[in-house]
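Heads up, the chain below is alone and in the form predicted on its own; it's given as structure tokens.
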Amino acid sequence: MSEERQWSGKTDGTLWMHKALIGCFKFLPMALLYFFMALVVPFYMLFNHQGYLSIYHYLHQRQGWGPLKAFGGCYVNHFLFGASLMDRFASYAGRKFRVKKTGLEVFDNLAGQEQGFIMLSSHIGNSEMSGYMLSTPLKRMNAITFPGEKATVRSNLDRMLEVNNIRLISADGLDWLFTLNAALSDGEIVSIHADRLFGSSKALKVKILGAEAQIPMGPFNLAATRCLPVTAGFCMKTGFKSYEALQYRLDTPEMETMSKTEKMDYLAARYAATVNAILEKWPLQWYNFFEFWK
């Protein structure tokens, strides 16, 4: 994996900054904090030049926007990304958001079955917020996280998600693989990102927005090997204090006659198609700040 495609998997900022931000959301209006963030975004774009260029290339080359529109879109994209992070910390501080749920009957139906299933997420919209919105007493959800996350973020995530019957599993070492497999054997839900190569060179090729891209093989290999139902989930910011949570079923009965490789390719193609649909509707909520397409 090339240098520019690597990603740390950590939330930016120091421990005291995270605690201060949570404290601010307990007392200050969100509009005021959004205003200050709008002033800071240009400086972030300046010092995070590689991330800015990758978003510009995405908007210009993949979305087909002209240079000026793509440049303006970069600012809006960075602002929305900052807003999604601030919404996370606002949630830690007890703030509530309005949520429209689309396709949640897919999630509810699978949650009511004995067999476990895999929910694929992505770095589009605010996937963490879906953890506060999707909950079921019937099955525990296990969310795979990257190691090295800041203590403030991890402790608040644990606190908030635990009440929704969600457990975080850090992808560190090898023990997490045993925990993941045990969860699926117990009929639980596993939520895992499927749009970034992180620590593995095994990838599947798909077409997203008309160009070839690589996504990690692991989630699709797991689903194909265990013959599990698969969904794709997204949580998109639709307003100042509102989100839309969406669920799509990816597997079909026709997959029963396919080989393992065919199943992986089929699921990857279906996942790519849902990503396409989401990006056509919400092009500015793409938060992969590296050159995703070759």
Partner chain sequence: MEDLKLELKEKIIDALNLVDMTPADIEDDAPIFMEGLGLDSIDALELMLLMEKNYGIRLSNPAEGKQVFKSINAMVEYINANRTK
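No experiment lies behind these values; they were computed from the predicted model shown. Positions refer to the first chain, counted from 1.
What comes next is about the form predicted in complex with its partner chain, which does not appear here.
Contact with its partner chain in the predicted bound form, defined as a heavy atom within 4.5 Å, is made by none of Val41, His123 and Glu128. The closest heavy atom approach of Gly218 to its partner chain in the predicted bound form falls within 4.5 Å. Remark: Thr225 counts among the residues lining its partner chain in the predicted bound form, judged by a heavy atom distance of 4.5 Å or less. Among heavy atoms of Leu180, some come within 4.5 Å of its partner chain in the predicted bound form.
Contact check for Lys69: every heavy atom lies farther than 4.5 Å from its partner chain in the predicted bound form. When you look in the predicted bound form, the only residue of Lys202, Arg98, Arg95, Lys205 with a non-hydrogen atom within 4.5 Å of its partner chain is Lys202. For the options Thr102, Ser170, Ser185, Asn164, the one in contact with its partner chain in the predicted bound form, meaning a heavy atom within 4.5 Å, is Ser185.
Contact with its partner chain in the predicted bound form, defined as any heavy atom within 4.5 Å, is confined among 249-257, 225-233, 61-69, 28-36 to 225-233.
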